[in-house]
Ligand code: PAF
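Take a look at this one chain, the form predicted alone, written out in structure tokens.
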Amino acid sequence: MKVFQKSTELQKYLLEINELGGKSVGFVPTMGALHEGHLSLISISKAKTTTTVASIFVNPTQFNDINDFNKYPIQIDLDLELLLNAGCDVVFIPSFEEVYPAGTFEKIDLDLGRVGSILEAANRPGHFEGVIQVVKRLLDIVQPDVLFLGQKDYQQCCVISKLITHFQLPVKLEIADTVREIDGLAMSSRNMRLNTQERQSAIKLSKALFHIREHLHEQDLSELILEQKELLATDPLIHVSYLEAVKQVSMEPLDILKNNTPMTLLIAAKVGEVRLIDNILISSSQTLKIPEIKEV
């Protein structure tokens, strides 16, 4: 496994691979503190491309809360061991200056539309602006053939799809299923910050989503969502930011179940001091595909 800190050295290495012909590069961007969800993306990339590149960079511009940034878990040595065991080919661990040589003042000129104004965007001002800033920079550096992301960050996937479409970047976006703990909790680097009691409360987020999905044909969608919000509010450790249903791709809000309309249920909540997100798809298709985001 090759490890690079300088973009020029990484690009030189990838160019040499490309010159061999018939090679393809898969890219898995991360902020470290890796878990099985990240490693599943590495496995998928290895199965679909000839060279898998992972990056580890905790991007400050996507944190709207400086305390959240300061508390983000850092475990580079363990992450490298995990990536080595997973068979990752290349790891890029850049410094802040390497990613942002001219600083972070220059923003990406991209109108995100509805996707950039609701849910995560409304609760975390500036978050997605920081996401597209760093992803555009990393894609420019790595220049992969395929970008692999996890469905847990559903809205972020929609945002990055817009980024790729807007700049006509020559990269295919592939979105993998959310990887969950045995009890249903979506795997997240933030989970390691939960204490025992908070961890028990956190399970309720995914349970709320699954309960709504299981009872959709027995009860009104808006009533189901309201009931689950009220139930979650009885736990003093949980403070829900949102629990909503939207149309897939357009993310237009839904309050009633419509036949054959692919829907996504999304939730975000603070459990103690740790903010967690989750979602599930309700669709005839089991695979999330976001070829292009268009406003409705």
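The structure presented is a predicted model; accordingly, all values stated were derived computationally and were not measured. Residue numbers run from 1 along the displayed sequence.
What comes next is about the form predicted together with pantoate, which is not displayed.
Pantoate is not drawn, but in the predicted complex it has a heavy atom within 4.5 Å of Val131.
By the criterion of a heavy atom within 4.5 Å, Gly26 is excluded from the residues contacting pantoate in the predicted complex. In the predicted complex, pantoate lies within 4.5 Å of some heavy atom of Thr30. Although the partner is absent from this view, Asn191 stays clear of pantoate in the predicted complex, with no non-hydrogen atom inside 4.5 angstroms.
Here is the short version: of Asn59, Thr51, Ser40, Gln228, the single residue with a heavy atom within 4.5 Å of pantoate in the predicted complex is Asn59. Here is the short version: of Leu173, Ala121, Val142, Val135, the single residue with a heavy atom within 4.5 Å of pantoate in the predicted complex is Val135. Per the 4.5 Å heavy atom criterion, pantoate in the predicted complex is contacted by stretch 150-158, the sole one of 113-121, 150-158, 212-220, 197-205.
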